[in-house]
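What follows is a single chain, given as structure tokens, in the form predicted on its own.
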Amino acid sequence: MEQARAKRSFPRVGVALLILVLLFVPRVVSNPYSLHILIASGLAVILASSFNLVTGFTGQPVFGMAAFYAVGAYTSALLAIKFKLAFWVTLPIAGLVAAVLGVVIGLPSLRLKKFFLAITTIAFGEVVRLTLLNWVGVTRGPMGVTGIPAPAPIWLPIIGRVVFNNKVNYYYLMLGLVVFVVACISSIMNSPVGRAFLATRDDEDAAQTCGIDTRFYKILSFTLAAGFTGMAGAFYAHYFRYISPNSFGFTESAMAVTTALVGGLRTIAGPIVGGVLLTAVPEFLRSLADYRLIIYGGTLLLTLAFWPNGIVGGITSTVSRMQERASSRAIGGKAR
């Protein structure tokens, strides 16, 4: 029992230490551009984690995450500009509106399977982008939305008044959002709801036989993933202060898929590792000019070829094999 308790507490201690280290990053990394890369990594982590929730944990292939991202961004930006609402009000509203959209796109998942559902979500993402492009009276079409205000100053205990006029405060806001999303997904997956998601993914018919309402859990996973992505979209709008339909094309959806696959689908840590690596590594390779794209693409192919379960999945498998071999040697030694 003591060993089991130690195994449960180890990840919590590791996560607490990681968050502590991340809190001190701006003390070491003061360069605004480096902080910008870290903020962009946080956005990638949220998108990949949301994709992982609905595809990795529930088995519903979704390749249109950019649609929820765009809806969150436009909802928050337009509410802030037209109704003068503060970011702290528009942020949850953006997540809520995107979640409602998640219910709409989740309904086809009740009838469509795998490949056909994937195509449907791609088409849905394109429909949202074209709507934003052509609904000029509201979204300003290809001109995009300008003049999006920064988050209003906020007063925090001990820290005092926080004004969002520098990258450091945006970094901490992004870090808080990432911790919130990852903690929510981790809590969900450690609850009966998470076990229902996994049962739906592994064998839908068997899950229904056991009394699990797979239709409900499919739509719930879409709704949660869309809500988290919509909140990331709201942050994007108030961080960059400008959005346009071109900011939310298929490339953003493909990036969420790639990030989750490279980091490790079906794991909590995978999208975090993938988000940081795939955002930061291209910047480190920028000095290599045109060669960086070849190196970047080759690295992705080799990673997926040798570690099909992603970096986290590959490391976990390697450690497990090493532990099994060590255990076998120990048993063999005792037998002799």
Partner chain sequence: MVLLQQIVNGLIIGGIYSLTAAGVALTYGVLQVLNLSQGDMYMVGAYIALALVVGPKLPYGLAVVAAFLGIALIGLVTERVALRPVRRSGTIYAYITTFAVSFILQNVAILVWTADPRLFPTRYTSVTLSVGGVSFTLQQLIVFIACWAIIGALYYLLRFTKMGLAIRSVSQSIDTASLMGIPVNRTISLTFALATGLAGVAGALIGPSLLVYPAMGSLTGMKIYAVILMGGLGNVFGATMAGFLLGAIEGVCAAFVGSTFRDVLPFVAIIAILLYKPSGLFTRSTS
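Quick caveat: nothing in here was measured; it's all calculated off a predicted structure. Positions refer to the first chain, counted from 1.
The same protein has a further form, the form predicted together with the partner chain, not shown here; the description that follows concerns it.
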Is Phe240 a contact residue for the partner chain in the model of the complex, using a 4.5 Å heavy atom cut-off? no
Is Asn309 close enough to the partner chain in the model of the complex to count, meaning some heavy atom within 4.5 Å? yes
According to a 4.5 angstroms non-hydrogen atom cut-off, is Arg195 in contact with the partner chain in the model of the complex? no
Can any non-hydrogen atom of Pro108 be found within 4.5 angstroms of the partner chain in the model of the complex? yes
Among Val89, Met143, Cys210, Ala254, which has any heavy atom within 4.5 Å of the partner chain in the model of the complex? Ala254
Quick one: of Leu304, Ala40, Leu277, Val29, which gets a non-hydrogen atom within 4.5 angstroms of the partner chain in the model of the complex? Leu304
Non-hydrogen atom within 4.5 Å of the partner chain in the model of the complex for each of Thr75, Leu78 and Phe164: no
Which single stretch, out of 147-155, 108-116, 169-177, 227-235, brings residue heavy atoms within 4.5 Å of the partner chain in the model of the complex? 108-116
Within 63-86, the residues that have a heavy atom no more than 4.5 Å from the partner chain in the model of the complex: Phe63
